[in-house]
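We begin with a single chain expressed as structure tokens, specifically the form predicted on its own.
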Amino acid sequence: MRTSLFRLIVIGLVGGASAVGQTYTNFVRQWQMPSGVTWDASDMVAATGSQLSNLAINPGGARFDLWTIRSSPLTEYLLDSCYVSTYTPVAQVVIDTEDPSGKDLTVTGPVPANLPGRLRRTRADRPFTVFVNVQGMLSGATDPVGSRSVNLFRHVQSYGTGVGVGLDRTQAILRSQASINANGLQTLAYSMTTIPGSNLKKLRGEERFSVFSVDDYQSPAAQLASQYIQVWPVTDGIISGITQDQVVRFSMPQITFTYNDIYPGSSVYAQVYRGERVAGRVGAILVGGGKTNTGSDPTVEVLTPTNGVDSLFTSDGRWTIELMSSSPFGVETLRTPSDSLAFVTFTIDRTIEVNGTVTTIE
């Protein structure tokens, strides 16, 4: 019975992941309670499957942790955790965002499902939702303390200016905690992250929501379920080489576009159109002035188009170059690091005027 119980749990835990240019290696670790004896159930876990516990489940229970290691940059994450005992409640944590990366789009219902072994992500200025489902909780006055409630914790941690490589997750900040005393589903909506930092649009790091059992006479508090969400900064852009209201007499000057923190799975580009800047207007794409980030971390690009720039400006007059972003959050005009809109409007005047006099002798 004990090994069968572990088999059922592992089916729900074990997962794999893939991303462009990266590999993920998963493993399961078993912790015996209350002794703390550990056993690595496997150092190479397939995307789906099951296996029997190598150690018997003691009266104090056991915790099974599912870890994944990303190859580049080398980073490890605790994807999920499950505690097994005779009376401890069962919990599930699922995080959902506007970015569908890592989401199982084939699953419908009140609680979304995430692909095995994949971290959900969002942008620093966007909302996200956390679903917490607790079942098997008892309510009798004589029932064990550990069967009547669980604790929900919210931790946050900044990556600083990096991508989380070598992060010591024991240093995460406890942002909030709450006691859950009844079975059922709770839906928690958050307008944006609370990762610490002075520039809210440039926050990068992760949030962790976890459910823990209550300490009792048989075993200490143990993690029942947990999930991370990665938070990446807002992309910004800079146009260099031409200034607002500049008059271009002949050929266009050399223009450089700098894109900072391009969100994973999004594209940035420069568009051109005749006239003053108009919100929502669609212009011609400037070839060589954009980039798509196909990776899992934000990128920086500095682009200087060299071909076909002059051909876009077909007549004299006022013209606008505007930096844009197309991401899971929509199509938007980028802003500069100083938070102004990333565009420049200028005048092209290629007219040649010849002044002279004509004299005759009569």
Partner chain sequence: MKTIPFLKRSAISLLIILSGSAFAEPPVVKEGLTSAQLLLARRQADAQDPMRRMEASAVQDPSVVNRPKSLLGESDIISFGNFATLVPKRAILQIPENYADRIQMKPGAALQSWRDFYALNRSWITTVEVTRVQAEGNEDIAAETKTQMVKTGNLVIATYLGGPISVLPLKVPVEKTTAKMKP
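Take the two forms, find the largest set of C-alpha atoms that superpose within 1.5 Å, and that set is the rigid core. Numbering follows the first chain given and starts at 1. Just so it is clear, the model here is predicted, and its values are computed rather than measured.
There is also a form predicted in complex with its partner chain; it is not shown, and the following applies to it.
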With the partner omitted here, the residue among Val247, Leu105, Val282, Ala141 that in the predicted complex has a heavy atom within 4.5 Å of its partner chain is Val282
Just one of Val111, Ile242, Ala221, Ile238 has a heavy atom within 4.5 angstroms of its partner chain in the predicted complex, so which one? Ala221
So in the predicted complex, is its partner chain close enough to Val331 to count as touching (4.5 Å, heavy atoms)? yes
Heavy atom to heavy atom, is Ala178 within 4.5 Å of its partner chain in the predicted complex? yes
Look up in the predicted complex whether Tyr228 has a non-hydrogen atom within 4.5 angstroms of its partner chain, and give yes or no. no
With the partner left out of view, is Pro196 within 4.5 angstroms of its partner chain in the predicted complex by any non-hydrogen atom? yes
If we take heavy atoms and a 4.5 Å cut-off, which stretch out of 89-97, 158-166, 252-260, 182-190 is in contact with its partner chain in the predicted complex? 182-190
Relative to its partner chain in the predicted complex, which residues of 146-171 have a heavy atom no more than 4.5 Å away? Asn151, Leu152, Phe153, Arg154, His155, Arg169, Thr170
Per-residue C-alpha change between the shown form and the other one, Ala141, threshold 2 Å, rigid core fit: no
Rigid core superposed, CA of Ala225 - does it shift 2 Å or more between the shown form and the other one? no
Would you say Arg70 moves its Cα by 2 Å or more between the shown form and the other one, aligning on the core? yes
